[in-house]
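Shown below, as structure tokens, is a lone chain in the form predicted on its own; questions about how it binds or moves come after it.
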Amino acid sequence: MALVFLGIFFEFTHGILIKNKYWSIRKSLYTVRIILFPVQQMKVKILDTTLREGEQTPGVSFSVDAKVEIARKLDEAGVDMIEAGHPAVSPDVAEAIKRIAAERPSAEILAHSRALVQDVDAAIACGVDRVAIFLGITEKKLQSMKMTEEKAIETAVKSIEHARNHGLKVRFTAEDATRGDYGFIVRICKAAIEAGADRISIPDTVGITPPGRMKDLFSRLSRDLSGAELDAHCHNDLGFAVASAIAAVEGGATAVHTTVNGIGERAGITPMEPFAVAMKVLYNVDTVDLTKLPELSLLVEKHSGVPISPIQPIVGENVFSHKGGVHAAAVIFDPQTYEAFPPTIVGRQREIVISKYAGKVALEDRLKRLGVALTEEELMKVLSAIKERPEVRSYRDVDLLELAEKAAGKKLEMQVPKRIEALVLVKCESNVYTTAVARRILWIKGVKKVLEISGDFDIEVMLDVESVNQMNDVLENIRKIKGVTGTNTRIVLKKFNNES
């Protein structure tokens, strides 16, 4: 339910106060002031469909064990409903649903189903709490199924009644509803409710409905449908998914369908991470344990094989990093200047990147954290040295200490050899998708080749760099990648080959 406010307050010097549970009026000859009192707080549940919609991502196929592991993590995060799969698809999908349902998690477990009795029977056999029955309702979809509107209603009702007669709760999905005839949507959904469905899902199946229209649609449906709660299922084909899901909630939706990292058909659907954080930041509505999101994201990245972009909201590697000098200085003064919310609410930390873009404030703050205090002149020398090396993407603590020592007049006797080739063995955390780490390593300047390997290490990196300093830069950048736990570096002394 959208946030509703009611109440009028008349400010006065002399007058009579009249009030009840929701409002108060004080009559006055002077000024009038309106005060709004909250009548009903916004509520929203998250249904996560990573295991069903997410597995429909091209190239993704979760093992049964992976699905059980992901379901456990979703339950730990406090997801309200888990759509575990469509059991009629294949035996392994049915097995995973059965195993997940058998663990009796706190979350409600759903099985997906066409509006067919045999599909519903497959869901019943899995021991789930609810069956999610779907049927396409657009004119073209009905034509493709050789159905009239009346036949579609009859088909939906028959499958819903069958599920209810076997003790299952039912969600009815009017597939492609945002492109359907509104009158028919209401008719078939009312019939579904009368047959026993207590949830109605309204999908934006091809992701073309902007937020304003989505809010209007759910506002109308909230008025015209009673006896069931409304779910929003928003695809992301035009990048509307998060905004349209929020708009649906403002219009009256009580549940939103998400996937971890937003995976799914084509461009995916509403990603759980930004949606859940937005509900908390914008409306102070709690949905899931936000601190669990980074761990959950990494787990799904590992099992799906779909890497997380460094700029992906909430869980991307760069989203709490500040590089520009003006940005960094302002964030050091007050983080709210360039942060919509503190990274700690999702269990992360901000990072001030020291590079050619760094300013004096950021550099001084970083050095102070390292226990180094420089004079104004020495500080400016370090800053100049940094800006003279634009090829360095970011400076490690050890690099800054070395520059500080030079600025303070300490001599460092070093002989740096030219052209170095090296092999670096990289070990990753067990819950990290190795290919994602390998791809990030390949972006680093100086990396010639990256191999995924078996044995005690997970990745082998071939370096070709100009100096020990550059090799150290590469190693430090590898170690900074999320999920890397250690490296073992071997410098090439001689090379032999049998190439002609």
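Here the structure is a predicted model, which is why all the values come from computation and not from measurement. Residues carry their position along the shown sequence, with the first being 1.
Omitted here: the form predicted in complex with a small molecule. The next part is about that form.
Undergrad: Which of these residues, 154, 175, 108, 402, gets a heavy atom within 4.5 Å of the small molecule in the predicted complex?
TA: That would be 175.
Undergrad: Can you pick out, from 56, 431, 435, 470, the residue that has a heavy atom within 4.5 Å of the small molecule in the predicted complex?
TA: None of the others qualify; the residue that does is 56.
Undergrad: Check for me: heavy atom within 4.5 Å of the small molecule in the predicted complex, for each of 52, 171 and 235, yes or no.
TA: Yes, all three are in contact.
Undergrad: Find out whether any non-hydrogen atom of residue 134 is located within 4.5 angstroms of the small molecule in the predicted complex, and reply yes or no.
TA: Heavy-atom contact with the small molecule at 4.5 Å: present for residue 134.
Undergrad: Can residue 297 be called a contact residue for the small molecule in the predicted complex at 4.5 Å between heavy atoms?
TA: Outside the cut-off, so no.
Undergrad: Wondering, does residue 180 line up within 4.5 Å of the small molecule in the predicted complex on heavy atoms?
TA: Although the small molecule is absent here, residue 180 would stay clear of it in the predicted complex, with no heavy atoms inside 4.5 Å.
Undergrad: Taking the small molecule as it sits in the predicted complex, is residue 203 in contact with it (heavy atom to heavy atom, 4.5 Å or less)?
TA: Contact check for residue 203: yes, within 4.5 Å of the small molecule in the predicted complex.
Undergrad: Given the stretches 383-391, 239-247, 220-228, 195-203, which is the single one in contact with the small molecule in the predicted complex, using a heavy atom cutoff of 4.5 Å?
TA: So the stretch in question is 195-203.
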